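Alright, two takes on the same chain below, each alone as structure tokens: structure 1 and structure 2.
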Structure 1
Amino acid sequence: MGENHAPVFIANLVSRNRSERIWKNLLQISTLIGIIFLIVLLLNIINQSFGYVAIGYRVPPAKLVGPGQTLENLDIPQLAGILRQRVSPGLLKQLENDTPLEQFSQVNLVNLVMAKIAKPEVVKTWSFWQSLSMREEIKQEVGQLPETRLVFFSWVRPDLVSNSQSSNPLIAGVRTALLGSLWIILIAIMVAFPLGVGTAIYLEEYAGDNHISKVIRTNINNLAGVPSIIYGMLGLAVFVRNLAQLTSGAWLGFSSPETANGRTIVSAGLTLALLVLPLIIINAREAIKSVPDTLRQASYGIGATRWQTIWHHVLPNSIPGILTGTILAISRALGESAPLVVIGASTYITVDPANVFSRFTALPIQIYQWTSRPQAEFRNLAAGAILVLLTLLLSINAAAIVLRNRYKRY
């Protein structure tokens, strides 16, 4: 390099290094901002999921027992006697349909007395931060309310998963919505995964680089960016209306042809399968494309057919990338609510789905329904349901990641 070019080279080098530092700092700042927003979101959910709750009773438990006694101290005959005196004959007959009250456990009888007679109700709730920072003020406020007790309540409780939806937030749960989400995701993945991978194999290994293939690839890329509610309208037109006899199970004898409307789990699963299908195809194509051509040529060189090469060499080496795309597809499908609303997901349902032709709801629908209610306690309940949804999502993704890493080792 001549002496005349040395200053120019040094100046360019300094400028490039300065640009590199600027871009590095900008990328670090953007990453930090994203992490901060995520932390704030999680903290807000946790803040709403725990805290003090003031609970009142329609019939105070103290009026059901003698002086100095509590329900927990009563024996089984005493608790059964309270139930027989206080509940209606129809409810009593329903409770004793299979087993007399005297054969119930003491804990179950206490729970029945509380649920059917005392009927606890939420008077007021406080967030986790308020419960920590305003503890004495809250206790003084509740102390002035008659027949009200203050408890530190976790809205993320075991019976949140085991209970069905209820108008009482203290006993409401997400069991029906959780089962609906699992049914829908299972159907969506069972349909979209083989179709998506098969399409990707055809486009990358069999279809030539002609005009028709280019049009197909372009449209698949465009479909990945279509708003989800459009897929909901497509599902409404095809699966709910035109194929109602099939998606309602009327053709298989699961429902009456006169009442079949197609607003079932299978319609929701097929709609979400269409939603995530472009994502799976695109990621599977990129994973298959990343397999070196030398591997294919080596397979052909020892006499393997094209399908043998794909099955024994291309797919095993592309499975990790395919599963990564499937994880992204599951994450999107599990959080979708707009297509399910269009299809006709129930906002209030207490009956668990018995099969794929049952009416349904899903966790995002349940969360939306609770957040739209005016009572503050339902928003706390929605925060607990969000944590259940996040746990379900992380569990499914963790299983897929373990499976992906297992294939990476081979």
Structure 2
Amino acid sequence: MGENHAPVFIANLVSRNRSERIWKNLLQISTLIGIIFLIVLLLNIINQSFGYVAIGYRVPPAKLVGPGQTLENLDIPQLAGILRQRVSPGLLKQLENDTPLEQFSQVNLVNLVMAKIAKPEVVKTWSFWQSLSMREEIKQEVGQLPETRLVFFSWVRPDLVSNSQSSNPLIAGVRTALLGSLWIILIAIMVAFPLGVGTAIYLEEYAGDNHISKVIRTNINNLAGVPSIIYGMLGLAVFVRNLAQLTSGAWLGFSSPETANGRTIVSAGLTLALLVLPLIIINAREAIKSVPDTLRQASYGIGATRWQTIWHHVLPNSIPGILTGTILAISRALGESAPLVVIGASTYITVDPANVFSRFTALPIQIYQWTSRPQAEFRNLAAGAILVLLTLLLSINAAAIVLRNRYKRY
């Protein structure tokens, strides 16, 4: 109150600095935890993808061959003999439909013996970590089981990619699902790319700042936030049900009782096209926006029309950005499963898709189905399939990064 008194300050820097340190540590820890999440997630999948598997046989291979021999070093007549002896006449007839067994390759015959007679099946699986840390216990446990072999198994292996779906996890693969994914993405991109780039060109080069274009812009942002499962429901109502005549291929004479309901690759592709459209539009707009205006002016200034300007100057200079966005859309479509489940992905198909009117499954769908099975070995299989999916995604994204860096012109 007195004019002569100066205000009083307490030296509080020590405590302030202490709280500064505490907070900094807290923030650091939260960042660290974020990274740990990622590491744990990946480790968990790797942990499930490799490990010991105890394999039992319906008929152990050792019983089929003489002592000291293995199936692999038998010759063709011996293998054919085993098959003739053990396989039912009906199946034999089916097998020898084209050529007699003696003309099969040796590898083929070994596989046949394994699949038709020995019939290996998973007794128990262990994770990678368990396989390392409890090696002796596992060996002991399996040693007590009769006719059971312990192998260290990698669930990601070439067979996983090249084999079709099977109820036996030891030979099940993602081939059908992978092909399905490729078909679906191909259709989705073929539809969404021209539409998306067209929309972006319209918004950036033709539409001014009027009401309609503002509505369209807001609408696209909103569409980007619509949950993917809603697109699935839209696809179910429109492509699967209303347009069943078209999407089942009936109009082209492809109609089969299985696909007559429109639960086909086309429907899946079109549904995902709608899903990734906003993504492509938004990225293409950014790319087009980044082309400097001086370039457009130069073009208009020498009497080019709007489309000549766009085609010869705007698009060539924004194509890296547009393609980067498209690649992101591809990886989004590759990982999407909910809408595909909704429009009716098949639960079990073993034949490659023949055309766009085939029934479909996709890689993430396969993962979903294997994960939701109660048996542990299917979890392992799912982990292997996840590694395939993540590898694909990683290479796609690496391509995007390379593209982005290669063509940085402006």
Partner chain sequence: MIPSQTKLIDEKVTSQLLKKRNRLGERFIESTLVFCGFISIFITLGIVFELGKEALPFFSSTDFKLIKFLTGTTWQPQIKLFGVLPLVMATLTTTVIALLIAIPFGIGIAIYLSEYASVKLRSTIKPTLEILAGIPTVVYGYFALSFVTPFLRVLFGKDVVEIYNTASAGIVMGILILPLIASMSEDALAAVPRSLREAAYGLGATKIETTYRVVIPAAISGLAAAIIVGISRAIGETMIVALAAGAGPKFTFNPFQGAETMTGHIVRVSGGDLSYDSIDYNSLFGISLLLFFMTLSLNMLSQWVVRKLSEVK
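The term rigid core refers to the maximal set of C-alpha atoms that superpose within 1.5 Å between the two forms. Please note that residue numbering is based on structure 1, beginning with 1 at the start of its sequence. Since the model is a prediction, treat every value here as computed from it, not as a measurement.
Note that the form predicted together with its partner chain is the one shown as structure 2, not structure 1. Once the rigid core is overlaid between structures 1 and 2, Leu74 counts among the residues whose Cα shifts by 2 Å or more.
Fit the two forms on the rigid core and the C-alpha of Asn397 turns out 3.8 Å off between structures 1 and 2. Taking the rigid core as reference, the CA displacement of Leu32 between structures 1 and 2 comes to 4.9 Å.
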